[in-house]
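What follows is a single chain, given as structure tokens, in the form predicted on its own.
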Amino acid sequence: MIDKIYSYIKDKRHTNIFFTVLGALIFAIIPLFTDVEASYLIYFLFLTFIHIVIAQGWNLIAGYAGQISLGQNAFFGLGAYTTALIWLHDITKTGYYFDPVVMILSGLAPVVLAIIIGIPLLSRLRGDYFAFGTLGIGQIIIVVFLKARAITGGADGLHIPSTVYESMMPYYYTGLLLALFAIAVVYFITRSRIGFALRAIREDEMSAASHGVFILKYKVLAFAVGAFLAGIAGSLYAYYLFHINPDSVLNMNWLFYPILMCVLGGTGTIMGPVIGAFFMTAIFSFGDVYFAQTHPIVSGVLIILVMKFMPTGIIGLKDRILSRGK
């Protein structure tokens, strides 16, 4: 039995599945042995799960399709605002608190935006021009939410009923499920024909097009899936905050966090964003407690060192060590 398990793990195709299942089981039982309301570990893991979801979304469009998006904060914020607006205006006539319908709609709203802006941008812009185009769209969204006070509450934002809060437990397990969902989505997409098409586009668009790959369709698809994952992450964060405003859900942290996590862990890999999310969340949490004023500098220096000495991230470090050993 042990030999069968070992041979299964040795198969590189199964390694990600094995460690994901093992990690899920470990994280699922942690709250059973921890004071959920008093433990900082629970909050840390909850925040890490959100980071994994949004990082996997960016990883799909940038790591696999090769299109650097700088608009994830807009999708994240739109998902949070969608949750608040549906709840406050009683649109779906449901329970709202951790309502799957609301969370799915909060993911679909960014998808619509991604398709609307993705078709013109991805059909005409490439490389740095596409990146700056998405950055501009993100800034426009922030201005719109600030100016549309009658709908979004302006700078003050929206307040959803916080009296429904009872325990951190549902936040933790919902975050864990969404993180596993994001990993599974990226895994199955990248193992399908869509994944092969995305890699072909990343390596050489002209060659991919000459072999019959519909470039725009696959780019927009990856962009939309990344937006959906960012939107549901924003929805979960809205349930945690109960106060949604541009400073909390549209700030630039939600733009840079997924990029930093993917770069640190390894872009274009399944487990890279997961590893990067744990490392960067730990750095941010530790920095907020012990050197709140200077931890962004430490984070920046860390990323520079990673790009210099580990350009393929922590995941790629293993291959470099093995190749040197050989």
Partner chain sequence: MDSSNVVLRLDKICKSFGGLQVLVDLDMNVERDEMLGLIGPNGAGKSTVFNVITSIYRPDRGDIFFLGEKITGLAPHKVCHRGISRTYQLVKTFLKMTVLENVMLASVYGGKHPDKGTMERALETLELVELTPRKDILATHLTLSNRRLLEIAMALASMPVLTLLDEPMAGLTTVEIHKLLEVIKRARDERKFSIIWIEHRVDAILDFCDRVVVLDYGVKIADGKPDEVANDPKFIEAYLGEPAA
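The shown structure was predicted, so the numbers you read here are calculated from the model rather than taken from an experiment. Numbering follows the first chain given and starts at 1.
Keep in mind that the form predicted in complex with the partner chain is not shown, yet the notes after this line are about it.
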**Report entry** Any non-hydrogen atom of Tyr172 within 4.5 angstroms of the partner chain in the predicted complex
**Finding:** no
Query raised in the report: Hey, in the predicted complex, does His89 get a heavy atom within 4.5 angstroms of the partner chain?
Result: no
Query raised in the report: Looking in the predicted complex, any heavy atom of Arg199 within 4.5 Å of the partner chain?
Result: yes
Query - Partner contact for Tyr218 in the predicted complex: the partner chain, 4.5 angstroms, heavy atom - result: yes
Query raised in the report: Looking at Ile104, Ala209, Ile115, Leu241, which has any heavy atom no more than 4.5 Å from the partner chain in the predicted complex?
Result: Ala209
Report task. Go through 175 to 183, 191 to 199, 224 to 232, 153 to 161 and give me the stretch that gets within 4.5 Å of the partner chain in the predicted complex, heavy atoms only. Result -> 191 to 199
